[in-house]
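Quick setup: one chain, the form predicted on its own, written in structure tokens, and binding and motion questions come after.
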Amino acid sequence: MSFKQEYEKKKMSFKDAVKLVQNGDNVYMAGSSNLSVPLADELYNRKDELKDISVLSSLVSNEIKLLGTDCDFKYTSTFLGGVERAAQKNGRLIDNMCYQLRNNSKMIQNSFNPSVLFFMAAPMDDEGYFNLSLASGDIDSLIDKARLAVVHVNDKLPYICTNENRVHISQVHAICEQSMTVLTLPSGVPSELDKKVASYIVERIPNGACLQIGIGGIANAVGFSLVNHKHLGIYTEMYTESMFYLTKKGAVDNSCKKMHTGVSVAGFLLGSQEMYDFADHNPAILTRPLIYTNDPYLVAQHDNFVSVNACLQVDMTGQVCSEAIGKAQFSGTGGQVDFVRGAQMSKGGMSFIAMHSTAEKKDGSRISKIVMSHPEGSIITTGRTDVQYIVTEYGIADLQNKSRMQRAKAMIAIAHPDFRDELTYQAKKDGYL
């Protein structure tokens, strides 16, 4: 049987494909830009007849009926997206996984054990492979153990060059087709405050550095401000709009990288349609599984590696909250610690965690994001002994291998002036100064 014949044999409607889901199934849905809304919604349509269904996904930014309060399927997220946060506020019970992203496939296999896989892919090639495109979700490492693998073929997904992050037609059980607009993420315009924070980081980044940059205003300000640098490289969890911009402008050429010289390497891509068009069939952009891109020891093989990530709050010792507000989950652990550690193991490498010094409450008042101690039960993403540089608009605190008192002094120095006296008083009261 030819690949085309096998394709036609396995092709069916979304409704018929989801009829193959059974009671007790664990359904893993690739998230982000590879989330199949039609498959998710057809699963919702069976909510009254299916029992004991568990669903795992991540970074959901498309509206899906599964997140309604009238659906009692157990839902767990590996990284909360905006739609998932909104569903939580509306009363939908959502659990979240706690792990380092480099262990993504291991976590899914061992902790969730999916029996069903739902995912989107680009059209099949002549060799019978579906390219997992922008966000593979490690589907390729899970597919052989699943009872049911359903692929939603979307001809609007770009083909991203890779030796992995693809599945063969022999590995899938059902094929559904629907052309759909691909999820995009506007980069936004960095504020003047974002640019101020970024300026302290940009001035320390050398030509030839290899970059991992997260998302958000400060990260964008860092990325776009590097346009006059030379011979930058990309080895990252997420390929962002600023990386695309730097490549177009010639600042990124990956010429100094010892691994994948001349090629940007990413776990997934999320940005504008223009960026996706640029990445389509572009051999200078390669995706690899997260177990590869987020391996600290592989990160460390790149000299002058610079990691830039954001956070929500930092205490006086350098403990970083990046994924939750108090006890309330906001996003996910992600790969921050993977890159914090890998960057510092790199020859000449640096790790920056950046934020504004204050946040505005709903009533218009301000609070310091540098605190004496986190509220009870707060979720710590990056431990104090992993942190190197904390950055605000008032400068950089170097916490690497520093004592408790040295840390307190450094953190107070980059706090907003309105809160420094109170922080100093608390630090003295608690024996930190």
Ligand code: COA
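So that there is no doubt, residue numbering starts at 1 and follows the sequence shown. Just so we're clear, the structure is a prediction, and the values are computed from it rather than from any experiment.
The protein also exists as the form predicted together with this ligand; that form is not presented, and the subsequent description refers to it.
In the predicted complex, I215 approaches this ligand with a heavy atom inside 4.5 Å. Interface residue remark: F112 is not counted as part of the site for this ligand in the predicted complex, having no heavy atom within 4.5 Å. Contact check for E360: a heavy atom falls within 4.5 Å of this ligand in the predicted complex. Of the heavy atoms in F79, some are within 4.5 Å of this ligand in the predicted complex. Comparing 102-110, 222-230, 199-207, 309-317 against this ligand in the predicted complex, the single stretch with non-hydrogen atoms within 4.5 angstroms of it is 309-317. Contact annotation: of the candidates R384, K47, K402, K369, the single residue with a non-hydrogen atom within 4.5 angstroms of this ligand in the predicted complex is K369. For the residues S242, S346, T293, T333, the 4.5 Å heavy atom test against this ligand in the predicted complex is passed only by T333. In the predicted complex, E237 is the single residue of 233-268 with at least one heavy atom within 4.5 Å of this ligand.
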